[in-house]
Structures are given as structure tokens and as C-alpha cells.
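Only one chain comes next, encoded as C-alpha cells, the form predicted on its own.
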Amino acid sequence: MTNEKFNFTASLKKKLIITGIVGVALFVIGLAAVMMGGGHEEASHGAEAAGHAAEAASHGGGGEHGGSSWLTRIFANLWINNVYFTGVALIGVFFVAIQYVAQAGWSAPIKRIPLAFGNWLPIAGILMLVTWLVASHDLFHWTHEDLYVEGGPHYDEIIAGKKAYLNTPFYLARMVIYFSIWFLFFRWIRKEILAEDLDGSTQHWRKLIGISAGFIVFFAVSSSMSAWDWILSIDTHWFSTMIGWYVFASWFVTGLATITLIIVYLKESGYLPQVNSNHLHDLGKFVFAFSIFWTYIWVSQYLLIYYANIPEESVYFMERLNSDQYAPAFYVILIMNFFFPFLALMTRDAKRHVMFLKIVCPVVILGHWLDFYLMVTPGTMKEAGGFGFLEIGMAMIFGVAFLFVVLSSLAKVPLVAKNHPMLEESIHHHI
């Protein structure tokens, strides 16, 4: 069954299209409600919230340049989903690269699934670039030129000191470099993997170890730098030495949950007979372990900033904890991203049971989307942010588009590597 192919049926396409149409409808309803004021969940929260918003603006941007319109809310959601789904696509390629560098045998039948995620990268790059060109002034306080005019009314000494790194030409150059090299590595890895189906030798497998090692090295640097660019620079005065690890951890556990959920779907649809409960156990362990890892990074960042109590650092959490708008999400993500997966996947049987994986993985995927919402919205919208149909609808649109690209690419090649040297070992995988 190594030549089996996924059939992206008309029925499945129809379900995705209907979901996308529902997403569009929710987005339009949410947008109309916000524009008319009726769905403006971010109404006044009192003097305390207003005072805190002013404090946040003075430390992290916003101020006169801060956006609070419905248009800024759309831009913020575009940025959230761009960053989120870019990360999921990257983690798919990263997961495949790890398997080759580790010379892992257990994952031989499932590599094509995460590999397909990489097909989203060129779309993500275009969307990211267009969003930046259209919305950068609304999302990133440091893009306003009057902040750099020494002696001017809006001069900001701290932001001006970062101009060598935070300037539009260099920023865009970095973005283009990230996506270009990520995509080139993805195409290179994919080319060698597909060539292996035609050539029974191990030369492609050995070559893939070197290519994957190169990708991992570049990914280690670029994933942190992209986190500085796309997340940290929103709150321009905020300092965090852990943001690169934090964004990676959120991306990684989301990618693992997505990989697991798609494999479970394929298994239940009659595909991947080589995959057994032992493979699912390994995937469940990954989701379980890296949910704990994300929590470790979350707590470490929080405690370091809490202990130091430096205004430029603590304002990030004050902006979220002291806000009626964002505080609920602050606590909900801890439940969805740590407590629930930790308790639900604690036992051996739970990690091997399809039902548990089908419940936990969607919760983790949604919980980490909410994590990115909390990273982006308070810094761009301040107390004018909101959560409603607009956010849900746009996330559904992106999710459907991502799945359409992934499943379409899966349908073009065999689901399992035909001549993978460790396929037999994987078939007999037992833990």
C-alpha cells in the first residue's frame, strides 16, 4: 500500500467551501456590527482601563498613531492569521527535517503529511508582504517617521535608537529573505523525497540528512528573528529575551496538533494502513510534551518580567492582565494550552486513543490561535480591541484556505514514501 494516494473528493471540497462561506458570512456580520457600533465589544471599561491604555501607549506605541478603527481591527486580524499559519506551514517542514537529521524510523509513513504544509509558504509570503505594505502604519508604531525627528513633538529616543534594525527597507528585506530561503529549502527537500520514489537507493535519504540539517540551522535563526520582527516590534518599547522561544513553542505545538489531527482523519478514512496506535502514541506524546514546553516558556517569561518589575517589560502583561477586554483570554489560553492537554493526554491510553486526540488537538489549535491574538491585538488596538464574529470568520477563512492547499498537494503524490529505507522498521514500530 506504499503507492496509495489521497483522494481529495468533491464531497470534502464541498464541506471546506461551505465552511469558508460560513467564515465569510461571519466576517461580514462582524464587520457590519463593528462599523455600526452594535458589535463594538470594546466599549468603555472605565477610568482604570482608560488610564492603563494611556500608560501602555506611552510605553509601547499607539498614542496619536494608535489605531482603533474597524479597518485597523481587520489589519490586526490579517496579521494574526498570517503569522499563525506561516508558523504552522514552517513547522511542517521543520518536523520533516528533524526526522531526517535524527534518522528516525518510526515516522517514515507520515512524512508526506507535514511536508504538504510547506506549500502554504509562498501564499503566506505574499499575504504577509501585502498586509505589511497596506497596514504597517496601523500595526507598527515604529513606522511613523516623526518618531525619529530629533527635537520634534513625537520624537522617541528609544525607538530612534533602534532605527538601524527597525527601518522599512531592512525589515522588508528580512521578510523576503525569510520566505525565499524557507521556500527554497522546502522545494529542495520535497524534490529529493519524491526522487526517492523513483530511485531505490539510499542516496536521496543520505542527501536529505544534510539538506535538513541546513534548514534547521537557518530555521533556528530566522524563526527567532521573525518573532522579533512580526511580534516583538508591535510593542516597540517592550523587551523580552524569550520571545523567539515563545513564538517557536506556540508554533511547534500547533503544528504538531495539526499534523496529528490530519493523520487521524486520514486513518479514519481508510488511508495509512502502516500507521498504528504506536505511531499515534508518539504523536500524542509530542503534543503532550510540547504543551508543557510552551507553558515552561510562558511561565519563565512571565516570572522574569514580574520579578524584575521594569516598566518597559511589565507593561506588556499589565496591558493584558488589567484589561477587562483581554484578561479573560489571558487565563483561557492557560487552560486550553496547558491544563486541558496535560490532563487529557497524561495517561498512556489517552495518547493512543483516536477519540482523545480528536478532542485535544482542536483545542490546542484554537488555544494557540488565541495566544497569537493576545500577542498582537493589545499592542495594535489597545483597549479598542475586540473579539467576535469578525475574528472567528477571518480565522475560518484562513483555516479553510490552508487546508485546501495542504490537501490538494497531498492528492498529487503517494501518501507514503515508496523507497524509504526505514519504512519496514516503521511498520513494525512498537512502544
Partner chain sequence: MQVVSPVREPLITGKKTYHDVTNDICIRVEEKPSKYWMMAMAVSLGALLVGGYALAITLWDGIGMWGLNRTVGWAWDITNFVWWVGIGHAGTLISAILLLFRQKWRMSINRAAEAMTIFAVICAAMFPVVHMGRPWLGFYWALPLPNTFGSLWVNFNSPLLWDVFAISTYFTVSLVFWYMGLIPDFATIRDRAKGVSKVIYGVLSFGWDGAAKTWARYESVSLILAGLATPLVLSVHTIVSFDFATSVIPGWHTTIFPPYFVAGAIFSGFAMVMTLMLITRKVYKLEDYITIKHIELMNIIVMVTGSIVGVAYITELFMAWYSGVEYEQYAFLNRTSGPYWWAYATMMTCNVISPQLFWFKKIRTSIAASFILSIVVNIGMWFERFVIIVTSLHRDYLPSSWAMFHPTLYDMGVYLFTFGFFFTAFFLFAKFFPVINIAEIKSILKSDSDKKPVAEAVAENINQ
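Everything numeric in this text was worked out from a predicted model, so none of it was measured. Positions refer to the first chain, counted from 1.
What comes next is about the form predicted together with its partner chain, which is not displayed.
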property: In the predicted complex, the residue from Asp197, Asp156, Glu192, Glu313 that sits within 4.5 Å of its partner chain by heavy atoms; result: Glu313
property: Heavy atom within 4.5 Å of its partner chain in the predicted complex - residue from Arg112, His144, Lys285, Arg320; result: Lys285
property: 4.5 Å heavy atom contact with its partner chain in the predicted complex for all of Leu71, Trp79 and Phe340; result: no
property: Options 240 to 248, 267 to 275, 117 to 125, 84 to 92; stretch whose heavy atom lies within 4.5 Å of its partner chain in the predicted complex; result: 240 to 248
property: In the predicted complex, His428 touching its partner chain (heavy atom, 4.5 Å); result: yes
property: Leu184 within 4.5 Å of its partner chain in the predicted complex, heavy atoms; result: no
property: Residue contact check: Thr295 to its partner chain in the predicted complex, 4.5 Å heavy atom; result: no
property: Any non-hydrogen atom of Lys162 within 4.5 angstroms of its partner chain in the predicted complex; result: yes
property: Residues from 95 to 119 in contact with its partner chain (non-hydrogen atom within 4.5 Å) in the predicted complex; result: Gln103, Ala104, Gly105, Trp106
